[in-house]
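Single chain ahead, by itself, as structure tokens, in the form predicted alone.
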């Protein structure tokens, strides 16, 4: 006799009520339904919408405040923060900069009235993680030169960046120096004869590691947006592999492309 397969259990959101309320309001903010500068519905309206107590509504709003999505104080309207979400265009980071110009990504951020700068955290030779070794076609135990940086916007951590270079490319160049590179590495690689020709981005959402949580000053258990970028020369050689990690609730990535 053929066994009858069991029905799949009904999906159930196991999060606490205030987390579910925050999730729905977060979606309204991220989708633009609640635009920057707009007031959130009143506590009474939210209480009716979600069939929740005042205390539960306040706990949900506190989560959004901690995430820097809204601002407000007790007894006043809660408002969606201006410029609550920043759009990252990957192509901007690959554009070369003139010798007298700053890193293109910082120039783009400055157009929106923000103070952006890069903090160089570390430069050293190391055995990279497996995904980086595979991207750079390194053998097991193979080393690369790591440049680790933290991008800050208005003094808030925006992105943790770890770039790896084959020693054959980095040796005897500023890539090994513990100092900022004028115009960024895309400009330097061109100057060294390693012109970036093709890039592959692998984007995923993940639970942050302890290091990422602390470096980005994350407010809670929200995911981070991770990009693994491999930069290839015209002959197909990998010349750079970079891990970029952003707070998932504050940033979006915009790709523009058309049919070939």
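None of these values were measured; they are calculated from a predicted model. Numbering follows the first chain given and starts at 1.
The same protein has a further form, the form predicted together with the DNA, not shown here; the description that follows concerns it.
Taking non-hydrogen atoms only, residue 195 never approaches the DNA to within 4.5 angstroms in the predicted bound form. Interface membership of residue 76, defined by any non-hydrogen atom within 4.5 Å of the DNA in the predicted bound form, is confirmed. Contact between residue 26 and the DNA in the predicted bound form is not found at the 4.5 Å heavy atom cutoff. Contact check for residue 51: a heavy atom falls within 4.5 Å of the DNA in the predicted bound form. Taken together, the three residues 42, 55 and 72 all come within 4.5 Å of the DNA in the predicted bound form, as judged by their closest heavy atom. Only one segment in the set 58-66, 213-221, 227-235, 200-208 has any non-hydrogen atom within 4.5 angstroms of the DNA in the predicted bound form, and it is 58-66.
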